[in-house]
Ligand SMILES: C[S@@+](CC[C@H](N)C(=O)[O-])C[C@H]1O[C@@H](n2cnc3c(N)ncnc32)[C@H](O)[C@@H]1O
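The data below hold one chain only, encoded as C-alpha cells and taken in the form predicted on its own.
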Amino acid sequence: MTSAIPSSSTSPVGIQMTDLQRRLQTTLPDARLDISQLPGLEDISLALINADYQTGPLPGEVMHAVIANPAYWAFCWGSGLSLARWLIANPTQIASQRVLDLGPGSGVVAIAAAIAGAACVCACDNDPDAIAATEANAALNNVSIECSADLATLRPDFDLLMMADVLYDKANFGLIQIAKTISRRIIIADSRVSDVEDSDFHIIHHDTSLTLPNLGEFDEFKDVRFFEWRKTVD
C-alpha cells in the first residue's frame, strides 16, 4: 500500500520529505517518493522510490548521476526488511539496549529497533542523503534516532551493532573488525554473501525477502542469512 507525499505540506515531516524528494531527483529527475507500508511490518511506513519507476536503460547523464550518487536509501533492501521483522517479532533481543545501525539506508532497521524497545538507537552512515532519509523516516514513524556521519565520534559501548545489506562491496568487510571494537554483540543480515569471512560469527537465522520496491531484483538475492558475534567475557 502506497500513498504520494503531499507536495505542499509545511509540517516538520513534510519539510523533511520535500527535502528528501529533492535529493532523490538530483540523481533520478523523473523519480518520486511514495509513502509505502512494508510487508510483514504494517506499522512501519517508509518514503521509497515509486514502484512503477522505469526499469529500462537510463539516459547517459542519469546513469552518470546514479554512479556518482546512488540513491540506495530510497529502497528498503531485503536484508534490512528481514532484520526489521525479526526485531519486531523478538523484542527481548533488543529491549533496553543501546543499539547502533551501521549503514542504515532508509533507516528501517533503526526504526524497528526503536519500536521494539531499545533504550537508545543510533544510526551511522557517511552518506548525508542516507542520514536525511533515516531522520525523515524516523519522524514519519514517530521514533527517536540519533544520527551520525562518523563512527569515530560515537561512544564505543553499544550492546548491539547491526549491519543489513552492507557487505555488497568487498571493501566494506573491514567494518566488521571495527564493529567488534565498539559493540558487545553484532548481527549482520545479508543476502549477497554466504560467508562473512570471520570464524567468530555463526548463522542464527534464515529468512526470505526481496527489496521493496522490487525493480527487477534477481531471486538469487532473496535468501537472507543472519550472522552473529558476541564478545567473550574474560
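The first residue of the sequence shown is number 1, and the count goes up from there. For clarity, every value in this text was computed on a predicted model and none was experimentally measured.
The same protein also has a form predicted together with the named molecule, omitted here; what follows describes it.
- The partner is not drawn, yet in the model of the complex one stretch among 196-204, 164-172, 179-187, 25-33 has residues with heavy atoms inside 4.5 Å of the named molecule: 164-172.
- Taking the partner from the other structure, the named molecule in the model of the complex has no heavy atom within 4.5 Å of any heavy atom of residue 87.
- Within 4.5 Å of any heavy atom of the named molecule in the model of the complex lies no heavy atom of residue 153.
- Though the partner is left out of this view, residue 72 does reach within 4.5 Å of the named molecule in the model of the complex, counting heavy atoms only.
- Although the partner is absent here, residue 114 lies well away from the named molecule in the model of the complex, with no heavy atom inside 4.5 Å.
- For the options 99, 124, 145, 136, the residue carrying a heavy atom within 4.5 angstroms of the named molecule in the model of the complex is 124.
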